[in-house]
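The chain below stands alone and is given as structure tokens, in the form predicted alone.
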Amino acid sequence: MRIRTFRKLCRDAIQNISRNRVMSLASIIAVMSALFILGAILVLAFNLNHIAGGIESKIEITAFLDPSVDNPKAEAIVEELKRLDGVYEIEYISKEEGLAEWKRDLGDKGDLLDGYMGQANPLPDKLILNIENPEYVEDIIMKLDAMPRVDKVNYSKEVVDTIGRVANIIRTAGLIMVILLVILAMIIINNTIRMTVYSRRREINIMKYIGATDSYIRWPFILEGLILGLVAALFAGGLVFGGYILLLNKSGTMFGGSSLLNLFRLLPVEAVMYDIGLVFLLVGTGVGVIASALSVRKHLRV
């Protein structure tokens, strides 16, 4: 197709949208509403997946070191464990720090532990390993048990399994919602564009009878579907991201710096805007173009 011809087709498409502004506006509103609902669900799904990852990151394994291990050896063990897959953070707690923490937990009765200071301290040094995902736990446990300087490994298999199940349920629920809403949005957009073309079926028939070629009739409608889908996607994107920014500001005010916010912290805008924007463009313009092409093809059969 020549550039001059394409420009003329684009100009015709814009003129047709202007002439049928009421129907065009109704189409944009309908498509925008479908994309807005889809965007809200996508935001929810992305944050559910983020929350699931946050829940999984709370998995901890405690490794108690052999009493013969001194600080330099403990640091070497820490460096070795950092190279294991699935370990994203290691906290080293010496027996002195462990005793001090124990005393704080006892509160007013902490003085009962004064006799265990220095060489009398019965506590071992320990390492707390934070694990990225439950699937790494078994392998890490095996490697810890095989290390001669690790005296004992402590973790709750029931807690790990529960965290894994909860995270999988959250991710599955988010995926199901997204799939259903994508299908629903595509159906709404498809029907909206088809109605727009159907309202102008007489115009198509007249152009066909006076000798216009199928491609000459078809292309302005296809470009109209593209333009309407693009405009609706831009408006829907603005509404979704504007609302999400307000939600981020509101959540920060409600939770402040609490630990609850650290677990259920929402994703920043830039972490979701590109993916959602791409989905909007693909669904809005893609379905608009396909629905226009199929609808016009139907009315060209005269």
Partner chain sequence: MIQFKNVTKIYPDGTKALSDISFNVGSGEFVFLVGASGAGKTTAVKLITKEIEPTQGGVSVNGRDITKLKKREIPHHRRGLGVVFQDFRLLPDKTIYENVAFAMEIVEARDRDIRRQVPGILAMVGLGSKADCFPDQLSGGEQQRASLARAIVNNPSVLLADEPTGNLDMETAMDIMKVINMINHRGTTVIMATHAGEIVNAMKKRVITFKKGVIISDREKGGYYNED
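Note that the structure is a prediction, hence the values are computed from the model and not measured. Numbering follows the first chain given and starts at 1.
The same protein also exists as the form predicted together with the partner chain; that form is not shown, yet it is the one meant from here on.
Full three-residue contact with the partner chain in the predicted bound form, heavy atom 4.5 Å, for 58, 136 and 142: Verified in the predicted bound form; spot residues all out of contact, no.
Which one, 157, 152, 104, 202, lies within 4.5 Å of the partner chain in the predicted bound form by heavy atoms? None of the others qualify; the residue that does is 202.
Since only the chain is shown here, I'm wondering whether residue 79 would be in contact with the partner chain in the predicted bound form (any heavy atom pair within 4.5 Å). Contact check for residue 79: no, nothing within 4.5 Å of the partner chain in the predicted bound form.
Even though the partner isn't displayed, in the predicted bound form is residue 207 close enough to the partner chain, meaning a heavy atom within 4.5 Å? Although the partner chain is absent here, residue 207 would touch it in the predicted bound form, with heavy atoms inside 4.5 Å.
Hey, in the predicted bound form, does residue 24 get a heavy atom within 4.5 angstroms of the partner chain? Close contact is absent here: in the predicted bound form, residue 24 is far from the partner chain, nothing within 4.5 Å, heavy atoms only.
So in the predicted bound form, does any heavy atom of residue 186 sit within 4.5 Å of the partner chain? Outside the cut-off, so no.
In terms of non-hydrogen atoms within 4.5 angstroms, which of the given stretches 123-131, 81-89, 211-219, 174-182 touches the partner chain in the predicted bound form? Contact criterion met by 211-219 only.
At a 4.5 angstroms cut-off on non-hydrogen atoms, which residues of 47-85 are near the partner chain in the predicted bound form? List them in order. Not one residue comes within 4.5 Å of the partner.
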